[in-house]
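We begin with a single chain expressed as structure tokens, specifically the form predicted on its own.
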């Protein structure tokens, strides 16, 4: 058995552990982004904003399909046994977060496709008349639209929560072993999605509404991060040592500068000033929010892999 060199602390760095690469960070970010898009787009559909032909709820599902496909590609590239991934869909294990995630990801596609079919370019209707009939049926009643919106929000929330549960279920990594992680990832995904939609929205009113929503998400995300840190600091020694990687260790500079400061605090200040008409809306804040969300995943994944239980805890 491999002996750990440093036995002074319960938290050690194992040079032989399998390191997840950039693919997992990208996958977690894109998964959270798509989850947030589905929730926001579903809310727009549920509340009847489809009556506005310029609503971003018609564009977002198309972008979400591309984003989730890129995320799945990133996940596939990280798999060690790529040819056997289809076996995940031959069974469903209630106690396995990976099994839940595989089936949730499978449900994301049909839900997004139904969202896309709500409104298609006229050229497609001309070449494929049956698509017009499908779109007309989906838009034929308020109850159908509400059902589509509700399902989109539910599947989106499930996807966003899963990205955090996947890590928190791995108890061998103390930094991931927190019940707050899924809340953090879901909120971060909502914030990144609101920031992205703010960039592509065609109407000023919608951009302003998304900026206000993103401010709420950023405030809540900051609170969740603080609660996560406090939870670790008031836990046992191995979790205290784990969180020190973020507080004062090798990941602290990236965490406090790029995730907390540039990813949450500064864009929050900019957007608060913008929605209160102190300054004009700018693309800088949304871009900072999305970069902060991406770096958050990389930091949590990397720092989590650097933390684990030593054998002396069980002696």
Partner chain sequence: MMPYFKFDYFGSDTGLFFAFIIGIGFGWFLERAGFGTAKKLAAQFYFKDLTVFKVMFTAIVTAMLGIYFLSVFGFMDISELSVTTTYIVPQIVGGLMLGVGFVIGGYCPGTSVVACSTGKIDAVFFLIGVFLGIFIFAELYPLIENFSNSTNMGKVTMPAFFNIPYGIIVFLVVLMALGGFAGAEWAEKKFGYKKVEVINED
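Residue numbers count along the first chain shown, from 1. Bear in mind that the values here come from a model prediction, so they are computed numbers and not experimental data.
In what follows, reference is made to the form predicted together with its partner chain, a form of this protein that is not presented.
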Identify, from the list 247, 287, 66, 59, the residue with a heavy atom within 4.5 Å of its partner chain in the model of the complex.
247
Spot the stretch among 34 to 42, 66 to 74, 49 to 57, 252 to 260 with residues whose non-hydrogen atoms come within 4.5 Å of its partner chain in the model of the complex.
252 to 260
With the partner left out here, which residues of 52 to 78 have a non-hydrogen atom within 4.5 Å of its partner chain in the model of the complex?
none
